[in-house]
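Have a look below at one chain only, the form predicted alone, in structure tokens format.
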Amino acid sequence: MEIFVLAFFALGYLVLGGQDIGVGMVLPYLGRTAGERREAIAAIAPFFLGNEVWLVATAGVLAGLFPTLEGELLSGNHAAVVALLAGWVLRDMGLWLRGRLPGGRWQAFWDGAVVAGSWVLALSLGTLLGGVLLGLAGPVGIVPAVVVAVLFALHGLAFAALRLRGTLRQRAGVLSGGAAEWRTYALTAAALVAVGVIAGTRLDLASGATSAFLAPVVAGLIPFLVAAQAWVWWTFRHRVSGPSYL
């Protein structure tokens, strides 16, 4: 059970958090003006905070159920973990602060923070996954990191094509040619899941002594998390029609 709980949260973050990261990465392509960028950000505005819960849950499951694995992942990947946290903070700062004050320079600066933070997040996650998958470190490790980052960007485009309208939808739909948007999203999501599953097969997934108690408790919370996620998706199922609160 412990392995399935970890896989559920980790793969869930790759798919759900990956779409937010991807939209941030391709923000300059989607939004050519301040107004367009704000509308593109509105595509992820209702979701990004809830999606971050999956990353927090993954870290909690690692610490509580797989302490040995957590230590191994952190001990050899300090730089990637610090970069991940820094990119996460920078991206979220950009999202929250871009609309707090008027002025094109202010908004452009924080839009840049969103883009930079998203790329740092994607590359650091790619570095961690690449190290797990291939055992690569140092300069060589940037190759799988870039591949995974590109996959995040494609996933973001696929998600944006489902959420946006008009010109922005056409730009985002470059992968699907304006049709089969759900199929494109499913393909990019499946690719991210495949990367996560392959990485998982290379991990030492021996659980800790407390797993017999914690695993059922965490598993019992999963239906509530899924229900909350489904409610958010249903509430905001319509395409973006204008700027959001961000």
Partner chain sequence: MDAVELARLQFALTAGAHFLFVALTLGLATLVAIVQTRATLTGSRVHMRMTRFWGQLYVINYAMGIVTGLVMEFQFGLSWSGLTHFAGNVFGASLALETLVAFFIESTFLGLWIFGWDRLNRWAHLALIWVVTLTAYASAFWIMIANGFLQNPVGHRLVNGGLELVDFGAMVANPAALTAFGHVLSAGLVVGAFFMAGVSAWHLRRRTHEQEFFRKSLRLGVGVSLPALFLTASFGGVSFDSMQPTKVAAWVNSPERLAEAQAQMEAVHGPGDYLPPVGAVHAAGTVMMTLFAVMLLVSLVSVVLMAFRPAVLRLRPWHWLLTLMIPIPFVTTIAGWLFRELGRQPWAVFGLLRTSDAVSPLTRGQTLASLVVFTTLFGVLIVVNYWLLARTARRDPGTVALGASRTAETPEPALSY
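Positions refer to the first chain, counted from 1. Note that this is a predicted model, so its numbers are computed, not measured.
Heads up, the form predicted together with its partner chain isn't pictured, but that's what we're talking about next.
**Q** Is there a heavy atom of residue 119 lying 4.5 Å or less from a heavy atom of its partner chain in the model of the complex?
**A** Contact with its partner chain, no.
**Q** With heavy atoms only and a cut-off of 4.5 Å, decide whether residue 97 touches its partner chain in the model of the complex.
**A** Yes - in the model of the complex, heavy atoms of residue 97 and its partner chain come within 4.5 Å of each other.
**Q** If we define contact as a non-hydrogen atom of the residue within 4.5 angstroms of the partner, is residue 171 a contact of its partner chain in the model of the complex?
**A** Answer no; every heavy atom of residue 171 is more than 4.5 Å from its partner chain in the model of the complex.
**Q** Residue 6 versus its partner chain, in the model of the complex: is there a non-hydrogen atom within 4.5 Å?
**A** Looking in the model of the complex, residue contacts with its partner chain do not include residue 6, since no heavy atom lies within 4.5 Å.
**Q** Tell me whether 36, 188 and 198, taken together, all sit within 4.5 Å of its partner chain in the model of the complex, counting heavy atoms only.
**A** Answer is no for this spot.
**Q** Of 146, 115, 81, 133, which one comes within 4.5 Å of its partner chain in the model of the complex, counting heavy atoms only?
**A** None of the other options qualify; the answer is 81.
**Q** Identify which of 150, 108, 86, 140 has a heavy atom within 4.5 Å of its partner chain in the model of the complex; exactly one of them does.
**A** So the residue touching its partner chain in the model of the complex, by this definition, is 86.
**Q** Only counting heavy atoms and a 4.5 Å limit, does any residue of 61 to 99 reach its partner chain in the model of the complex, and if so which ones?
**A** Heavy-atom contacts to its partner chain in the model of the complex: 61, 63, 64, 67, 68, 70, 71, 74, 75, 78, 81, 82, 85, 86, 88, 89, 90, 92, 93, 96, 97.
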